[in-house]
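Only one chain is shown below, in structure tokens, and it's the form predicted on its own.
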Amino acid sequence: MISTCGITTLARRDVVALPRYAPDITPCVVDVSDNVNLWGAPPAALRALTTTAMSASRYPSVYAAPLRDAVLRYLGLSDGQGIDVVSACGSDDVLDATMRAFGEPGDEIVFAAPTFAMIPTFARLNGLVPVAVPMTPDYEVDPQQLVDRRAKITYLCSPNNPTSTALSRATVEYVVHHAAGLVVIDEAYAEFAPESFVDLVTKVERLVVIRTFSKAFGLAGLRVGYGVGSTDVVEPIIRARGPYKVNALAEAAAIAALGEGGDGIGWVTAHAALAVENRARLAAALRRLGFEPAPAAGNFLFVPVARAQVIAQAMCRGGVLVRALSGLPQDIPALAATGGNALRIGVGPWDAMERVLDAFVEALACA
């Protein structure tokens, strides 16, 4: 029998060295720290949960084929175009499986920083080397820097997390057409953005666009994400992610949320529009207070603020939870001015946004 006294010496050293994801989960009256749908979930999805619960004793569909078909209809794509869909336990799971499917140990994955914080973690878990290149001063991505790395995987995020900024089509198309390896476009916030790049999967084979049901669709607690691309790209990701990765309740709710009508996709679209409207109102209010949010395309604002941690703590004491960010790259002048500190503030119903603004003003007075 192996002694457990030194069990940590048996674990992979690079895994032991990884930090655990540890967001602030302090209970607050208004929580705008996770960019989820603060209006809730589509009524059709909630009904689907109650009717599907009786089948909880059975395994879900092996590779979520019904959800695959619903996603293709939603995106206006078809398998007749040589397009397929992989779904999984959140878009995180799709990203992880994609790196596992296409990256050999020692290969590089390149991305512009700051971006989704889990990318370096997933890279190291899969034996890849994460390579960050700076953003331009106006929150754009330098496509030439990305392409010049000749990386096995190039990661783009639009709208970007945490900055909420969208990439230009010219930038995306240049990277997609000139990158040496696979291009991954993370569109977790696509429903709030002025445009999507999912149409490119019919024109470029080495591309996968990844989305989630956690944001606009209000199903964060069910963990459903998907990736769409050519069959030749999606097939290895399906194999790498394994079977039964979307539970039956999650699949039923996601399909219902994509259904026609005012309680399904109509509800999603209407509330995404409300988020965009309130995003503009909140940004204008913050500008009147002397702050300059980054140009936003997601359902949240990125606000460079000095002493962000102190202000966030004061807001939390006032019943509002926002995400404080520190140690961010300072290639962007607005971040250089704040020492790499910023607040990320999710957008929801306007009464909640008024609470956010009140708590922010009170925190500024105390900071």
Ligand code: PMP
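Numbering starts at 1 and follows the sequence shown. Please read all numbers here as calculations on a predicted model, not as lab measurements.
Heads up, the form predicted in complex with the ligand isn't pictured, but that's what we're talking about next.
Although the partner is absent here, residue 155 is a contact residue: one of its heavy atoms lies within 4.5 angstroms of the ligand in the predicted complex.
By the criterion of a heavy atom within 4.5 Å, residue 267 is excluded from the residues contacting the ligand in the predicted complex. Although the partner is absent from this view, residue 218 stays clear of the ligand in the predicted complex, with no non-hydrogen atom inside 4.5 angstroms.
In the predicted complex, no heavy atom of residue 103 sits within 4.5 Å of the ligand.
Exactly one of the stretches 74-82, 146-154, 185-193, 129-137 approaches the ligand in the predicted complex with heavy atoms within 4.5 Å, and it is 185-193.
Contact annotation: of the candidates 177, 206, 223, 124, the single residue with a non-hydrogen atom within 4.5 angstroms of the ligand in the predicted complex is 223. Looking at 33-72, no residue comes within 4.5 Å of the ligand in the predicted complex, counting any heavy atom.
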